Each structure stands twice: as C-alpha cells, then as structure tokens.
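Before any questions on how it binds or moves, here is one chain, the form predicted on its own, in structure tokens.
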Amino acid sequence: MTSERPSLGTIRVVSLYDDVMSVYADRGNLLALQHRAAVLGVGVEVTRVSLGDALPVEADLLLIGGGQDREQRRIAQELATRGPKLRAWAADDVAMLAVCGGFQLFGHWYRDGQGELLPGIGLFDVTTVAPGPGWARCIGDVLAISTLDDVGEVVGFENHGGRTYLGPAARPFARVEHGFGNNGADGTEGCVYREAIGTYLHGSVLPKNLALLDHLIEAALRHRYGRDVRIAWEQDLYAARAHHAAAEVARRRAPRFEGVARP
C-alpha cells in the first residue's frame, strides 16, 4: 500500500541532543515521524546534532526532547549560542517540537532546583522556575485540548519540577482538562510560536497523538516547498488505540484541572 502512494517530497529533520535529552523515550518521536512519513509518502533526511556539532544550513523540522537538571546544565550554554539561528528558523516557519527540558530551554530562562539560572534561547515567551522545598513535582497522565484546530485532544505523561509561566506574547499549546500542565495553576499546557511547539508531554508524545504528528509533517512540507500541503488522512489503528487508552487512563487517574494552584 505505501509503495503505491505518490511521493509528497522530502523533509529535512534535525534531531537536537537526542543522546542527552531523551527522558521517557522522547527519541521515539523521531521513530514515529519516520514511520508515519513512510506511510504518507514523505521522505525524511535526518541530521543528528549533539554537543560540539554544527547545525545544518537548513531544516524543515527540529526535535528536542527532555532531560533532568543535570542534562540541561550540560547543553544550556552551547544551546544559547545556537539561539540566533534557531530563532531565525522559527521566524521562517521551521516546524519544531520541544519537549519538557527542551521546552524550558527554548524559553527565556530556567531557574533549576539548586537556584542556578540556566539561559534559554528566547524562542518562546516563557520562563520556568523550580520552586523550593514543599512543592511536589507535576507528575502523571495528561489530557488536554490543543489550541491548534487540526490537532484537537492530546494525551501524554508529564514529570517536571519546574513551573512554566507564559509571557504576554505567548500562546498555550493546549488547555488542560486532566493533569497539571505548565504550572498546575493557570490551565495552560506548552506554548506555540508560529510552527514551533513546546510541551511537557512525554510518552513519547507523537506515537499517541497522530493529529499532532501529521500537523508537524504538513508544516515541514510547507516550509520545504513553499506551498500549502494537506496530506491525505491515513488511519493508524495502533496509534488510535494508544491515544484512546492514554486518554482513558488520564480521565481515571489524573486530577481534573480545577483552576487552583497545587502545592
């Protein structure tokens, strides 16, 4: 079936620090992308960029996963030097998915649990603070409704000590129905800037959220070829079952967001 599908072109994907930032199998986002692209007739050229490596000249989609404070300290200074190019890519509508620790460092800054201020690249208008003793981590299953019309319901698993707060120019990626989201207080989850998405959703997130995966592939194709692209919907029963199961678990186990801060 897939061999008969006409090619829609090839997208250039940068997997950033996937040997350092891959908590809860965030590296699986790239595997899901490669599989889904093959089903849809989209080629994928992957460049892995780690510490000391140069960014390629061009990209259509960038992926970065999560890490604990230790891993974030390893990459923060070097990532900050990449900030001008990454912000330029985002302004040019390169698609991006930044998860958890990657999301935090794509904001203005992150103050970690030891009080160290790690510089961010300022791509998202957000700041993140790890609160002091007595504050529990935001951990558990999440069900939220994306602010992106073609994405809808999203599911995943969050585990973060930092509380992320959106600035005046920020747009949330989703509104929390079950779980904590950015900070457990304002009902927001993640952030969107043009075609860049930041989120706390692990899992990895893309295998369980096919609409989000297709959204990123379409955005990458638009960037590469300069025209609007709508890929033909292709059902994936395994992804649909995974999404449904994760949503049911979140409804059963995760606290329903009530609009109050949780210590």
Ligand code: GLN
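Residue positions are given as counts along the sequence shown, with the first one as 1. Source: prediction; values computed, not measured.
Here the subject shifts to the form predicted in complex with glutamine (GLN), a form of this protein not shown in this document.
- Only one of 66 to 74, 48 to 56, 214 to 222, 28 to 36 places residue heavy atoms within 4.5 angstroms of glutamine (GLN) in the predicted bound form, namely 66 to 74.
- Among residues of the shown chain, G120 is not one whose heavy atoms approach glutamine (GLN) to within 4.5 Å in the predicted bound form.
- Mapping the unseen interface onto this chain, T147 falls outside it, with no heavy atom inside 4.5 Å of glutamine (GLN) in the predicted bound form.
- Under a 4.5 angstroms non-hydrogen atom cutoff, glutamine (GLN) in the predicted bound form has C100 among its neighbouring residues.
- Contact between Y110 and glutamine (GLN) in the predicted bound form is found at the 4.5 Å heavy atom cutoff.
- Proximity to glutamine (GLN) in the predicted bound form, defined as a heavy atom within 4.5 Å, holds among R171, R175, K85, R137 only for R137.
- Looking at 151 to 168, the residues that come within 4.5 Å of glutamine (GLN) in the predicted bound form, counting any heavy atom, are N159, H160, G161, G162.
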